[in-house]
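Take a look at this one chain, the form predicted on its own, written out in structure tokens.
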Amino acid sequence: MLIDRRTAGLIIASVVLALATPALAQFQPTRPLELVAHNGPGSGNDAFARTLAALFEQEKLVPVRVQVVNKPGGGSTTAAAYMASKAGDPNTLAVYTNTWLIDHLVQQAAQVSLYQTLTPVARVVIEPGLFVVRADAPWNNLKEFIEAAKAAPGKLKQSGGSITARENIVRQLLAKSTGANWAFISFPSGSERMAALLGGHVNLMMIDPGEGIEQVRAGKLKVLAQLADTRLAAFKDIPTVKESGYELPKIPQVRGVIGPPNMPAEALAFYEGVFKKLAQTSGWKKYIADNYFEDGHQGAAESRKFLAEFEGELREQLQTTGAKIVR
């Protein structure tokens, strides 16, 4: 009888455990998944979101259609507020960049914390940067451009996104350390930024490699320097910013995915698993290689810790540029 009771106890415990834990394994989105991008169509952020949506469907990682929703405005502020309004929703995600952290530091209106209010799901990629000019521009390296900016303060112009985006922080750090002065012109989308450069309305742009590689290959743009730890294989003849003679703190451009506040644990586990599977697919590996990205995959807990630490580093860099910090 003692053995029977133990057996019965084990059976009961197994049933209780099975009833208590199946949600984590069984959650599936049942309606179209919204994937929010904080910039307009044609931007790097929009292109990244659409790549994720296509790969989700191509690799059959989610059982529903994925719809990219653009929420531009105030850098990341509009998109972050939209995500905050979706508390508890298991069918809405957003792609983020450094801008989400920076806006919270410098904009009083940016009330939503990326890693405290929202739910980090995964860090996905880390992007190097390229300083590019038109192919017929008179400068052949970053030093020549900076010397020209010194000689004609405020005359040269750089196109970019939000004034809090990485490219503007890098511009400010370079200007402060060199004494050069060139303007920053903000555009709402990547296509507008590129059109301004190709049309001669601005002189410089900092892009991720995948954003401008075709223009470089077509002979329309030339690369002055790389913002990377080491030279990329596709640009092995182009020096890094450090090799060009300029010391900058590490400013990785990070892209990741977050959910709304209070995302159900079973939904978070499902999406965390989706990105873990995505990182192993051939389609994703090809995308990383084609765009010269670093696969920076981290799960939910790791990415939350990373974001908290990275925010501190960005605060220091912004303070160095003289930016007003509100948090």
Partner chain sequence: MDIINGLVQGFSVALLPVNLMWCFVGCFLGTVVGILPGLGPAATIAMLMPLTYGMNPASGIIMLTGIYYGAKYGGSTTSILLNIPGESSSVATCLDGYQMARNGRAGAALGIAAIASFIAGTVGVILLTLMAPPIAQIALAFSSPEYFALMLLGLSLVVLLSGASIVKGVLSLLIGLWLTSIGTDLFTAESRYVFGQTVLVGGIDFMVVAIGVFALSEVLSSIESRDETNVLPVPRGILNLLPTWEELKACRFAFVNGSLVGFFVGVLPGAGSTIASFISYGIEKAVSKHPEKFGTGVPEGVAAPEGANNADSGGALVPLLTLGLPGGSATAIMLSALVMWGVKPGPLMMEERPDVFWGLVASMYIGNVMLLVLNLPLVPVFAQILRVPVFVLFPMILGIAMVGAYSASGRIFDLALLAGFGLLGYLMVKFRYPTAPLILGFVLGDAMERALRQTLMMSQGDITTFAERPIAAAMLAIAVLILLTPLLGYFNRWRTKAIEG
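Positions refer to the first chain, counted from 1. For clarity, every value in this text was computed on a predicted model and none was experimentally measured.
Omitted here: the form predicted in complex with its partner chain. The next part is about that form.
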Does residue 157 reach its partner chain in the predicted bound form if we count a contact as any heavy atom within 4.5 Å?
-> yes
Non-hydrogen atom contact residue 191 with its partner chain in the predicted bound form at 4.5 angstroms = yes
Using the partner position in the predicted bound form, report whether residue 42 sits within 4.5 Å of its partner chain, counting heavy atoms only.
-> yes
Partner proximity in the predicted bound form: residue 54 to its partner chain, non-hydrogen atom cutoff 4.5 Å = yes
175, 233 and 250 all contacting its partner chain in the predicted bound form, non-hydrogen atom within 4.5 Å | no
When its partner chain is placed as it is in the predicted bound form, which of 87 to 95, 107 to 115, 137 to 145, 235 to 243 ends up with heavy atoms within 4.5 Å of it?
-> 107 to 115
May I ask you to list the residues of 187 to 210 that have any heavy atom within 4.5 angstroms of its partner chain in the predicted bound form, in sequence order?
-> 187, 188, 191, 192, 194, 195, 198, 199, 201, 202
